[in-house]
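To begin, one chain is listed below as structure tokens, in the form predicted on its own.
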Amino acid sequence: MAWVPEDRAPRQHEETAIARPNGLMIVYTGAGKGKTTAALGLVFRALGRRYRVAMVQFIKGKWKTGEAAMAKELTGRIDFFSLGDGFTWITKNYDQDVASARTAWAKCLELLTDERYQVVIFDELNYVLKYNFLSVEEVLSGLKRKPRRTHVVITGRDAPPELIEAADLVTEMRQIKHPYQAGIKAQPGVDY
């Protein structure tokens, strides 16, 4: 008698999703790598649907990243704003970090209410909340201004509980193994 594999595919399940025209608030958080990468994957998908996208980076301002280079090639489809001064331990100036975060948040609010965009990405926003450069209350109040069909993606470690509660989708990246632990530095095209 021949071996017949057991069918384990989820063929019978209840449809629970509700179709709604509202944009989602999506949070990618956690200690593992991949938060910005996940947001950029969503950008790729949105661009495939001919959506207009805007992205604001709060921290990586001084880095020459692959995503910034690619955004230049997609001018008119994605608007990319790298407004940070670098990691806070580089600037060592709290007042400057707060001012940079406020400038970036003002750009976020401008983009958030611009109905040309179907997707807006606020990369590393969770860090400025953790470091108290912006208040969670102020950010949540601003997020309420978005047009109902706009999707918002927020990335960074340590998403505050209030933001997690307000979000429609939260994914936590968990680090299991990282090349940095073996002394391998960040790699272009993979990490930035």
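Note that residue numbering begins at 1 and tracks the sequence as displayed. Please read all numbers here as calculations on a predicted model, not as lab measurements.
Note that the form predicted in complex with adenosine-5'-triphosphate (ATP) isn't included here; everything after this is about it.
K.L.:
Heavy atoms within 4.5 Å of adenosine-5'-triphosphate (ATP) in the model of the complex: which stretch among 28 to 36, 48 to 56, 161 to 169, 131 to 139?
P.N.:
The contacting stretch is 28 to 36.
K.L.:
With the partner left out here, check for me: in the model of the complex, does some heavy atom of R157 sit within 4.5 Å of adenosine-5'-triphosphate (ATP)?
P.N.:
Answer yes; at least one heavy atom of R157 falls within 4.5 Å of adenosine-5'-triphosphate (ATP) in the model of the complex.
K.L.:
Taking adenosine-5'-triphosphate (ATP) as it sits in the model of the complex, is Q175 in contact with it (heavy atom to heavy atom, 4.5 Å or less)?
P.N.:
Judged by the heavy-atom cut-off of 4.5 Å, Q175 is in contact with adenosine-5'-triphosphate (ATP) in the model of the complex.
K.L.:
E124, Y180 and D191: each with a heavy atom within 4.5 Å of adenosine-5'-triphosphate (ATP) in the model of the complex?
P.N.:
Yes, the whole candidate spot contacts adenosine-5'-triphosphate (ATP).
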